[in-house]
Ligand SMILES: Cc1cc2nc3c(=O)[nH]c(=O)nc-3n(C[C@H](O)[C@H](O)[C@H](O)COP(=O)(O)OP(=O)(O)OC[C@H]3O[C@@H](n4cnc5c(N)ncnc54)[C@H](O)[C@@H]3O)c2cc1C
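Form predicted alone, single chain, as C-alpha cells, below.
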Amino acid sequence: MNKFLVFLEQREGVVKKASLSLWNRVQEIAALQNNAVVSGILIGPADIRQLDGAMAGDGVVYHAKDDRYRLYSQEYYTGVIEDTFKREACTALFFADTAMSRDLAPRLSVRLQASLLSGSAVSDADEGGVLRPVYSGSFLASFVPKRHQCIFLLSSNAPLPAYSAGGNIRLIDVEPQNVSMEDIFPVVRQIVMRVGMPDVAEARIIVAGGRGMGGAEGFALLEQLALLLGGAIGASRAAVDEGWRPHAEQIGQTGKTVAPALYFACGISGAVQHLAGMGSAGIVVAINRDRHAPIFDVADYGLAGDVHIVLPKLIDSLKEFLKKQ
C-alpha cells in the first residue's frame, strides 16, 4: 500500500493556498492507485478552521501545534517531518514549490535516502515520474525516480484537479520534540512585506515591473495599482538584480512560476527567462515604451507608452471607477 505524506505549510498561522491545492492534487493521484492513502503534516500553531471545505478526500493531518514551531526552523521542521514519514511508513512526500519547501526538500532527501523530483505534475502514477519544463519552457521532460521512496516538489501553478473538496479530515496532535527555545536559532531580524498584499506565488492578480520602471521609486506606482486591485507585486530578474525589489518577488526561470488570472507587465521587455515564469497567466496586459518588445507577442492587451505617464492615468481612472461602485 502506498502512503503519501503532504507538507502543509503555514506562515503566521495561515496555511498556504498552494499547500491546500497540493493536497487535492495528491488525492487525485491516490484515487488512480489501489490502496493509496493520503496524510498531511502541519507544523506550527494555525487556524485549522480554514481547512474545512478546502481539502478533498479522506485522510489524517498530523499537527505539531506547539508554539515553539511558530517560526520556521530548518533543523526542527526537518526532524518533525522525518519522524512522521518514518513512523507512518510513507512511500512519498509531497511539497508545494515554495521557498520553505526548497530549503526542506533537499535536506530530507538526504536524511530519508529518497529520490527528489521537482516538476509541474506527476506524469505516471505507477512509476512516479514528473513532468518538468526544460529549455525555458520550450519542452516538457519526464523524470523517473531511482529509489522506492520519493520526494516530490510540485509547482503551485499547475491547474487544479476537477476534484470536489469537503473530505473527511481527522486531526491528530503530534507531541513536540525535546527542544527548548534556546535550541532553536534566534530571530535576528524579521522582515514583513507590505500588509494587505498576497504572496506573489498565490495571487490572482500580479502587477510586475522590470528595468523600465527606472528604479525602486518607480515601483511605488505599481504598489498603488496592486493595492487597488487586491493584487501582489512581481519583478523581473533585472529589477531584482538592481536591488529595487526582493528576490521573493522575482518571476521567471530563476524566480517563481506564477499563474494569475490577470498579469500586468510594466516596463518588462519579455525575455524568454521571464516568460517561462508567467506563461500560464490568464490575461496579460503589457505596458512598454518599445513597441517591438517581445512581451507584446504574448500580451492580450498592449500599450506602447512610458509607464511613468500611463500608470498614473490608469490609477486615477481606476479610483474613479471604484468610487462609483
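In this text, all values refer to a predicted model and were calculated from it rather than measured experimentally. Residues carry their position along the shown sequence, with the first being 1.
A second form of this protein, the form predicted in complex with this ligand, is not displayed here; the remarks below concern that form.
Although the partner is absent from this view, residue 17 stays clear of this ligand in the model of the complex, with no non-hydrogen atom inside 4.5 angstroms. Within 4.5 Å of some heavy atom of this ligand in the model of the complex lies at least one heavy atom of residue 268. Within this chain, residue 284 is remote from the site of this ligand in the model of the complex, having no heavy atom within 4.5 Å. A residue is said to contact a partner when one of its heavy atoms sits within 4.5 Å of a partner heavy atom; residue 120 fails this definition for this ligand in the model of the complex, lying far away. Interface residue among 250, 101, 155, 84 relative to this ligand in the model of the complex, by the heavy atom within 4.5 Å criterion: 250. Considering this ligand in the model of the complex, the lone stretch of 260-268, 41-49, 27-35, 65-73 in range is 260-268 [heavy atom distance within 4.5 Å]. Shown here without this ligand, the chain has 305, 306, 307, 308 in 300-325 lying with a heavy atom within 4.5 Å of that partner in the model of the complex.
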